[in-house]
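In structure tokens, the next block holds one chain alone, the form predicted on its own.
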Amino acid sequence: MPTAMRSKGFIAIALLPALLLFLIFVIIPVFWSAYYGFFSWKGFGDATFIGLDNYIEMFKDPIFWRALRNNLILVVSSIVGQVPIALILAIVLFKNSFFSRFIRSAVFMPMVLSTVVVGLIWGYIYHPQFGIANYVLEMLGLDSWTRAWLSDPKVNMLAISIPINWANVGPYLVIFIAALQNISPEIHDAAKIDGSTGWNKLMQITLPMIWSTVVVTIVLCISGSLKAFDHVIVMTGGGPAQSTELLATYMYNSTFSVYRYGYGSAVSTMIMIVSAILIALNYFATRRKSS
């Protein structure tokens, strides 16, 4: 048997356990959940087939549309916030100095923290009575700007998106630094000889060479934003009056609070559909950009 064939066989055998685990704990539950979305089921006992009734009820529920709107706000804020900040920091901290390593660790640290801890910290920061956000505004003489950040429907989604962005910049920073390190030094030298520096170098050389990495980070932002759950549950619980409800919290409340597992399965399937649509739109948009 040729060496190449033996190598491919070894790789396939080595990947088989991970693929089996992924199939059992991810792929099969996805299809199982989609299947139960067509049933009325309380999580125990018999399930009654009701066809598309769960989806029809979902589309008629204004809370679902509010949750979808909030999720889209979170997706946009994550893409606009996390990706540019991580890219700028990666370019600034590209050099492997002690200061750069320290800042990288500091930026990545929120990712190490539990999302519950992050939610509690920012919940205290936004507290209307003794929170540091209002305190700083009062110190600056901006008393009219103080408010109950997590209770005001005009700003609570923006307030929630800030800690989510803060906690998730770190991984994208590491990804962008790895992408920048893969650019050959000869390319930088050639650009320097041609007089391409600063902004021109970034737009004409650096960004096109790591564009595939940018696309991947945007996809991760989309999927991560649609799965956002912990921060909102800890900080607001989806309230007040469902003003901060997300699709994941809507699914959780519909499933485990009132024991409607069939309806919750339909909502989870809809989350996957929305995610697939947004990722597809991102693919076509970035493909046109790259071409």
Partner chain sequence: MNLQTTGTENASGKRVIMKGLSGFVKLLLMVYAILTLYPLYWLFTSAFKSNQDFFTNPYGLPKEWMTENIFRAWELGNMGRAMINSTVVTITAVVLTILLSVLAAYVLSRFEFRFKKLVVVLFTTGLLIPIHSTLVPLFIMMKNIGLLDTYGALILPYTAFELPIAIFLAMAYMSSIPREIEEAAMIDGSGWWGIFSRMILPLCTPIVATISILAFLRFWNDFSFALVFINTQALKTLPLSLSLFSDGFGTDYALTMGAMAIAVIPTIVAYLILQEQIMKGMVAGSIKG
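Numbering follows the first chain given and starts at 1. Quantities reported herein were computed from a predicted structural model and do not represent experimental measurements. Between two forms, the rigid core is defined as the largest C-alpha subset superposing within 1.5 Å.
Omitted from view is the form predicted together with the partner chain, to which the following refers.
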Review point. Would Phe25 count as a contact of the partner chain in the predicted bound form, using a 4.5 angstroms cut-off between non-hydrogen atoms?
Key: yes
Review point. According to a 4.5 angstroms non-hydrogen atom cut-off, is Trp199 in contact with the partner chain in the predicted bound form?
Key: no
Review point. At the 4.5 Å heavy atom threshold, is Asp230 in contact with the partner chain in the predicted bound form?
Key: yes
Point to revise | Residue contact check: Ala248 to the partner chain in the predicted bound form, 4.5 Å heavy atom | key: yes
Point to revise | Check all three, Ile164, Thr236 and Gly239, heavy atom within 4.5 Å of the partner chain in the predicted bound form | key: no
Point to revise | Residue stretch of 201-209, 185-193, 82-90, 152-160 approaching the partner chain in the predicted bound form, non-hydrogen atom distance within 4.5 Å | key: 82-90
Practice item. Using heavy atoms only and a 4.5 Å cut-off, determine which of Ala148, Leu180, Ile103, Leu72 is in contact with the partner chain in the predicted bound form. Key: Ile103
Point to revise | the partner chain in the predicted bound form - contacting residues of 89-120, heavy atom within 4.5 Å | key: Leu89, Val92, Leu93, Phe99, Arg101, Phe102, Ile103, Arg104, Ser105, Ala106, Val107, Phe108, Met109, Pro110, Met111, Val112, Leu113, Ser114, Thr115, Val116, Val117, Leu120
**Study point:** Rigid core fit then Tyr261 CA moved by 2 Å or more between this form and the one not shown
**Key:** yes
Check your understanding: Is it true that Ala241 shifts between this form and the one not shown by 2 Å or more at the Cα, once the core is aligned?
Key -> no
Practice item. Align both forms on the core first, then report whether Phe39 has a C-alpha shift of 2 Å or more between this form and the one not shown. Key: yes
